[in-house]
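Coming up is one lone chain in structure tokens, specifically the form predicted on its own.
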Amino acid sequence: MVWQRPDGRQPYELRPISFHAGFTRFAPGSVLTKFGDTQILCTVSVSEGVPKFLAGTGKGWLTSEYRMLPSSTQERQPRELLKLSGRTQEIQRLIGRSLRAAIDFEALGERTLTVDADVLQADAGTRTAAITGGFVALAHAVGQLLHSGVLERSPLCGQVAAISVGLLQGEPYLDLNYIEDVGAAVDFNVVMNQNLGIIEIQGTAEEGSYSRTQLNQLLDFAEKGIQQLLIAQREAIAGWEHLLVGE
């Protein structure tokens, strides 16, 4: 029996994707990112100085914070005030690791970029949407730093996008929504750069196991989805051709 997608998409189809840049006023980079019904506000702030382990090296840093707003799901999510859940810590570390792959920290200088991903509405895929939208916000922030003269050259040395894939009734599906995410026997999150080089893969069998052939199918689906996301990102970034080092 073949899984019927609730929204009628083909197995290899992304949900409708959009990036609304300049969504907030004060952050150098801000983007409302939509993957279907998943909506995330991605902002990038810039501060002078770096963590102690980088002080005096001339290199900058990028860190990330991720939160789900209380009304982002059907049942209210309690605010994480004094202690972050293990899930939140894991996701924000993933976002930071992924986006650090796009930055030349010597070109950035001793400055810290903070990427904030705030989930306004969750319908699965929040971590991959946060990475993909976070990169667009990061590129806008770099553009503003160049325009204002804070930076002399762009520190962007790569492009990063991410997507989820999964196995439903033994077959691969791209960009899972909540119903599919809950029902998936295998769930993967894949992060790649502009050359489709792999930055990170998170993959788990929720029940049973999966074969090498199925793994290859999932990665093929992820690669095709990320190719589309890379194009959508570039279309959403003004002056993209001047931002990526070497382009």
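These figures come from a predicted structure and were not determined experimentally. All residue numbers are counted from 1 along the displayed sequence. Superpose the two forms; the largest set of C-alphas matching within 1.5 Å is the rigid core.
Not pictured, yet referred to below: the form predicted together with a small molecule.
- Select from the listed residues Ala122, Leu146, Ala107, Ala101 the one whose heavy atoms reach within 4.5 Å of the small molecule in the model of the complex. Flagged contact: Ala122.
- Message: To verify the annotation, which of these, Ala184, Val190, Leu62, Met68, has a non-hydrogen atom within 4.5 Å of the small molecule in the model of the complex?
- Response: Flagged contact: Met68.
- Task: Can you work out whether the small molecule is within 4.5 angstroms of a heavy atom in all three of Gln194, Lys224 and Arg234 in the model of the complex?
- Result: No, because Gln194, Lys224 and Arg234 lack any heavy atom that approaches the small molecule to within 4.5 Å in the model of the complex.
- Message: So if I measure heavy atom distances to the small molecule in the model of the complex, which of the stretches 154-162, 173-181, 136-144, 107-115 falls within 4.5 Å?
- Response: Partner-contacting stretch among the options: 173-181.
- Message: Is it the case that Gln92, even though its partner is missing from this view, gets within 4.5 Å of the small molecule in the model of the complex, heavy atoms only?
- Response: Contact with the small molecule, no.
- Just to confirm, Gln169 within 4.5 Å of the small molecule in the model of the complex by heavy atoms? Output for Gln169 is no: heavy atoms all beyond 4.5 Å of the small molecule.
- If you check in the model of the complex, is Arg97 within 4.5 Å of the small molecule, heavy atoms only? Flag for Arg97 set to no.
- Message: If I superpose the two forms on their rigid core, does the C-alpha of Lys83 end up displaced by 2 Å or more between the shown form and the other one?
- Response: Passes the 2 Å threshold, so yes.
- Message: Just to spell it out: taking the C-alpha atom of Val46 and the C-alpha atom of Leu81, is that distance smaller or larger in the model of the complex than in the structure shown here, given it changes by 3 Å or more?
- Response: Relative to the shown form, the pair is farther apart.
- Query: Closer or farther: how do the CA atoms of Ile131 and Leu82 lie in the model of the complex, compared with the form shown, if the change is at least 3 Å?
  - Reply: Residues converge in the model of the complex, at least 3 Å closer.
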